[in-house]
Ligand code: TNX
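What follows is a single chain, given as structure tokens, in the form predicted alone.
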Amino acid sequence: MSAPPDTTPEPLDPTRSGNLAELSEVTPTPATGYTAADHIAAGDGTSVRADTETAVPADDAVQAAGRTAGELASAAEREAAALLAPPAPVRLGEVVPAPERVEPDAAADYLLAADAVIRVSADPAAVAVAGHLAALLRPATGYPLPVTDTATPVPAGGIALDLTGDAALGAEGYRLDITTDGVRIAAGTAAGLFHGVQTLRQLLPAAVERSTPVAARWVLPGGSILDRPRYPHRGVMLDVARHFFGVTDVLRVIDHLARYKLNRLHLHLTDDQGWRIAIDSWPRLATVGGAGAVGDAPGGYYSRADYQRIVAYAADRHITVIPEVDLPGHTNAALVAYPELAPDRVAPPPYAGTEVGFSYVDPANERTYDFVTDVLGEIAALTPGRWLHIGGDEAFKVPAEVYAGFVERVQRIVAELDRDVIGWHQIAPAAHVDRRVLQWWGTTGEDPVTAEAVRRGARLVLSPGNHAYLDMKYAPDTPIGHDWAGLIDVRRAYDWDPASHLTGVPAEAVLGVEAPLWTESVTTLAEIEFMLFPRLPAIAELGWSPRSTHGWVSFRERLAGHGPRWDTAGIAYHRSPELPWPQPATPIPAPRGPAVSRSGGPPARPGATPGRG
């Protein structure tokens, strides 16, 4: 998990590093998001609701394989324009994460035209993906891009999203075909279509990230991509307990995960410094326990509605939220609110430092288990995903036998809620329960206790501290972050193999990877982004791409090409000297909407503007 620095870190000082000087003035730029309940504007002034099965109006004859004279004329015009157009500015193989198979066709580049239509299978989840695609493309292109559903979507000069039910593509795979006549994304699930849309986004010029129309030729490289993920669990952990981040900040992070096909957001909701989610049966947890943060920064917490908004926004992007309540340690904020849970029944003072291992709820007190049952029960009711994370690390003051008994009882509580338990790998000695997952954050490849837990049936999510902990500094002069697990530059984040990382753990026991970002020293959304980028795509590629595609030389070239996209989208990032950036750093554009704030008041409420995901 997160090891303690000696002193409370200072906020980022823009005078301390040339690469970071702009961050104190950066406000990452949100833009309009999309949910399945929104209307999809059509070019003729009509609209389609994403939660209905039929567009109004819809010309089934035009959508069929047969062509009208007008369509044939338009197709001929597109082909002539394609012959005259310069090659696509992005090559088919420049995608991050690297696809499973890429087959370029230089003679098949496609020019997106102003009259293009997005045709999609008549399924509500697929229509929602089509609406998301339209919302991504309309601002920069200025094109209406009407969305219409049909039983058999074909490109017909535009873009087709075809929900085929093809089991060979798996739960998240897709096939992308680009010809002079249009684009077809086929998938067996809406999640697969969504991931295909993210690939399509990367194949367009970087200007597609702008929020206002750009005079550009929107050319896509011809060819085919077949793509399926290597692992089912590809995630990021965001610590909102050490420093609190409001709803709009979290939505922005979700957009970043979606961009690189990550599908899990692990929220570290509780720690010594703050409790960040309202629990109706224990109200002082949020109102009292949520008041503080590291360095006496303003606190905050999520109401039930706030949390549900985060969960729904993630689900719209095919991301599952995994909530963590850290137990039995890291509980000082809970003990401030409810001293009856403390071993001595005395309330400790609020804690704004960064040491660990000193607090714990009393494992011998039955009231503790009432607390655990109530808290996990309320959170489970708000969380549709299968997993509840119970923490379990750094409970240094709890004897080993007592600790194991506590974990085993909490595991049973999770099972009674019909959920699967995840815990940091310190819970490994406890008895196994079905579908138990250990999140491993060690720094060496030897861990016989965890390997033994795997032999008893546990599966692993790998978050090695010296490769995947994104709160580690890039270099000695990085002005925020830690170095207890070493310095993690982009290559170190990328150059390891989850399948063979732990001795004695078979490849099939690894569910995937997760990159934690602890926030003892991270205080703003711009700083979150700076620590995520450019390392986040490295972890994403480890989780998604086949091992056969792994290669540092190729990856650094592909990743560097994303710099202009981040500049255009207003994403703060570290301009790592390891990468051959294609151009000098450019100023981050002004915000598209209301500034994202981190005030000490309540978190942002529904209605605030999320980012483009």
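When you see a residue number, it is the position in the sequence shown, counting from 1. Remember, predicted model here, so these are calculated numbers, not experimental data.
What comes next is about the form predicted together with this ligand, which does not appear here.
Contact between F194 and this ligand in the predicted complex at 4.5 Å, heavy atoms?
Contact check for F194: no, nothing within 4.5 Å of this ligand in the predicted complex.
So in the predicted complex, does any heavy atom of E378 sit within 4.5 Å of this ligand?
Heavy-atom contact with this ligand at 4.5 Å: absent for E378.
Does W496 make contact with this ligand in the predicted complex, using a 4.5 Å heavy atom cut-off?
Although this ligand is absent here, W496 would stay clear of it in the predicted complex, with no heavy atoms inside 4.5 Å.
Check whether D109 has any heavy atom within 4.5 Å of a heavy atom of this ligand in the predicted complex, and answer yes or no.
No, no contact at 4.5 Å.
Would you check whether this ligand, in the predicted complex, lies within 4.5 angstroms of a non-hydrogen atom from each of D393, D471 and E520?
All of them do, each having a heavy atom within 4.5 Å of the partner.
If we take heavy atoms and a 4.5 Å cut-off, which stretch out of 152-160, 471-479, 120-128, 314-322 is in contact with this ligand in the predicted complex?
Of the options given, it is 471-479.
Only one of V356, V102, A206, L382 gets a heavy atom within 4.5 Å of this ligand in the predicted complex. Which one?
Here the answer is residue option V356.
Pick from Y143, W387, W424, Y403: which residue has any heavy atom within 4.5 angstroms of this ligand in the predicted complex?
Here the answer is residue option W424.
Quick one: which residues from 323-348 get a non-hydrogen atom within 4.5 Å of this ligand in the predicted complex?
Just H330.
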